[in-house]
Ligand SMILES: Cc1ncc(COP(=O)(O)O)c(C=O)c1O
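Just one chain follows, in the form predicted on its own, and it is written as structure tokens.
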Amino acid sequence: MNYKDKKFLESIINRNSKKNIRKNIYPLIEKAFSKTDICKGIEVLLSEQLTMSEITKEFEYEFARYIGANYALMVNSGSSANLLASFALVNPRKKNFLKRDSEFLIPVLCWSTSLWPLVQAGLKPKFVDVNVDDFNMDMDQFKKKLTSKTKAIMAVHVLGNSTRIEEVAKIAKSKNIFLIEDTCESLGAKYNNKYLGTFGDFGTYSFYYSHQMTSGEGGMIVCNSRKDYELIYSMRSHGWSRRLKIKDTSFSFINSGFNLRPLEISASIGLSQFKRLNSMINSRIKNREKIIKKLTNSVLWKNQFSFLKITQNVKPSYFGLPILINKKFLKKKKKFLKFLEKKGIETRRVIGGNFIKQPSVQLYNLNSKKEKFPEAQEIDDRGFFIGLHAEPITNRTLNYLEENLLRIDKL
């Protein structure tokens, strides 16, 4: 696209963006796409190469190089990345593949597609409670739940923070347990200067609209083994052997599979955003610091809230600001969240909450022993989160958040 055409498109984008009326003064996410992102998507549309092609390959290459993995495979969502990783563990082409009803550990504070792909693959969950301070898997509980029956671990890195993944990975390796890192909420975070998602057998990432970066929909799965890569590569596209180094590459289906391929337009927008991922991460870190400082230094501050603590040795990568309401104000939570909604401050639940309470878990009777998870329940009861935007926050917005968030004790 030449300079003149690009400027013309940008003028149209500017015009349309002025027409869009914001429903929320402080939404969970500001405009996710830059003019450059949209122009990159339009270039793909004009090329008529909509199915995945060279840009997808380039994005995969750049992502693997950035994250420090040997291989990266783009898929149509982070949920699909978890689906591929889960079904890879039970696939006959994987060495020591898992048999039906093998047990896996998963933190109970999680998202639907952290859990269900492994269940759909025929495995049995054992839930682990989390720490109320950092929202991640409690290591003492994890070790208690670990038995000879444990064959896999789904480690969920929560909201830009990390579980103690180095310790989890060492345990998994010593016991020949498969480890998947659900890094869909923590792209760009590091543990001991190593990117999350690279400690286990597979690491998964999401490029959903509200996350650290976005391609609208889309995701990535990384691994270090060539055999694992070839396995998920074929499974991404019907179990097809095409482009793998196998003798018959016409229409040879070497495995079971899905159709989880991304569109080239998603890869193009994703690659465009990926180039400024680090600057967006740093901006959100600074915004979080400013918001917390503004609240805690305010004359209105009465210890109304506490904030997620970062796991030791972690360099975080946020996309939201989780907040815990002080217990003495807890009865006002429902009224408070409605008040924030009226004031145009968008909020949401912390991930899927204490997932054991979800109707789907009850439908499939995954908690037949009626186990309790007090820490996850406390987060569910006390917690909510607001957005952290990729653009520097203004003093006006900081004042607005201070004025309204610290009103909970007055309601």
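Values in this document were obtained by computation on a predicted structure and should not be read as measured data. When you see a residue number, it is the position in the sequence shown, counting from 1.
This next part talks about the form predicted in complex with this ligand, which is not shown.
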Considering this ligand in the predicted bound form, find the one stretch among 121-129, 333-341, 229-237, 184-192 with heavy atoms no farther than 4.5 Å from it. 184-192
Under a 4.5 angstroms heavy atom criterion, identify the one residue in K151, H211, R164, R284 near this ligand in the predicted bound form. H211
Residue among S241, Q304, T113, S268 with a heavy atom within 4.5 Å of this ligand in the predicted bound form: T113
Close approach of S206 to this ligand in the predicted bound form, 4.5 Å, heavy atom: yes
Are any of the heavy atoms in Q273 no more than 4.5 Å from a heavy atom of this ligand in the predicted bound form? no
Could you tell me if M137 has a non-hydrogen atom within 4.5 Å of this ligand in the predicted bound form? no
is_contact(I221, this ligand) in the predicted bound form, heavy atom dist at most 4.5 Å: no
Do any residues of 63-96 have a non-hydrogen atom within 4.5 angstroms of this ligand in the predicted bound form? If so, which ones, in sequence order? S77, G78, S79, N82
